[in-house]
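The chain below stands alone and is given as structure tokens, in the form predicted on its own.
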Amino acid sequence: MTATSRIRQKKTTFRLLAPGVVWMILFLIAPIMMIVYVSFWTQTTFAINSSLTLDSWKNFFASEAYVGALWTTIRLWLIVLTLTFVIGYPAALYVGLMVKSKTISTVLLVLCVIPFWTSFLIRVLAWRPMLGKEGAINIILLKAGIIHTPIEVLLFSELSVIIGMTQIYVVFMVGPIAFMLGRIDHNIIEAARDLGAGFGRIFWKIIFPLSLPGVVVGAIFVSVMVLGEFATSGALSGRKVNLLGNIIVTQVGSLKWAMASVVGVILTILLGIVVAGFLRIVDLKREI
């Protein structure tokens, strides 16, 4: 390759990369840097100015409510992530591997996403008549004789938030896993059976490792959405469960931009750590 060809190739590469780089700078890097900058502004009760200070950061970590919201967010994320995996993986295993017909598999995946044809807020609020003291679940359990008094903890509690988030986000775990399972060559499984391997050995040695990229992608999807949640906790907990997302909404509503930015930066760092951790498990560029 001549020097002229190399220069021409570099110019072509630059022109192809330039739109993406500009987009990333304008709509990702610049907003994040602005949030970081605002988090150091001086916030008073009725005003805010651009004088840089650490007061908002100190107030966050000195407040039991804010730090408690951070740990509550992490705890609920871990619980919901675990539940979506425990519920979603068997469903994905059936849809992606057990069902032989591609048509039936596609139909089942479409059925999984039917709830997304309605508004997110409607799906959240629909749990209220299900989980309430006089809701459908309590009525069924009472009539079946399983309980004698209504279960009050089903609504306006952490449990209700966990139930709502798990139902809403489990499909994001099912889809990527089912996709990876559908790519597994059935001849590999048949060969393992011919060699005398049972289902358990086949699953742990072949199926699960090959589906791991889908698990990682699903975990990233669920993590990003759960860690940034505020609507589900607000609607189903009766404001008893305070997440980082709820604090951001409250602070923005009170025009306390500095504290909202502090929480936003902490949430962004948390998301970055979680996503980076998952990406270290599997090289997605190579696997997918």
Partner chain sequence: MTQSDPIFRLEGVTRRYGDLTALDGIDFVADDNAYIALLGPSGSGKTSLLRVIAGFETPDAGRIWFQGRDITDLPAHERGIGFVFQNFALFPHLTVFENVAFGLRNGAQTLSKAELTDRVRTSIDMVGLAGLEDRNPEQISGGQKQRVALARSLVMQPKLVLLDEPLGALDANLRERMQIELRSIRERLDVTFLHVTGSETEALAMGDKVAVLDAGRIIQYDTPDTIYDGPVVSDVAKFLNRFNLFDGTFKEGVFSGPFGALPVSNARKNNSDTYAIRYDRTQVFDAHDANLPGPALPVRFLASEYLGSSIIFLFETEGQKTVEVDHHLSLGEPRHLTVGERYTLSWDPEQAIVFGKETAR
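As the structure is a prediction and not an experimental result, all values here were calculated from the model. Numbering follows the first chain given and starts at 1.
One more form of this protein, predicted in complex with its partner chain, exists but is not displayed; see below.
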| property | result |
| --- | --- |
| Candidate stretches 133-141, 86-94, 164-172, 208-216 - the one whose heavy atoms come within 4.5 Å of its partner chain in the model of the complex | 208-216 |
| Sole residue of Val153, Ala197, Val113, Ile147 within 4.5 Å of its partner chain in the model of the complex, by heavy atom | Ala197 |
| The unique member of Met98, Ala191, Ile104, Ala126 whose heavy atoms fall within 4.5 Å of its partner chain in the model of the complex | Ala191 |
| Non-hydrogen atom contact Arg75 with its partner chain in the model of the complex at 4.5 angstroms | no |
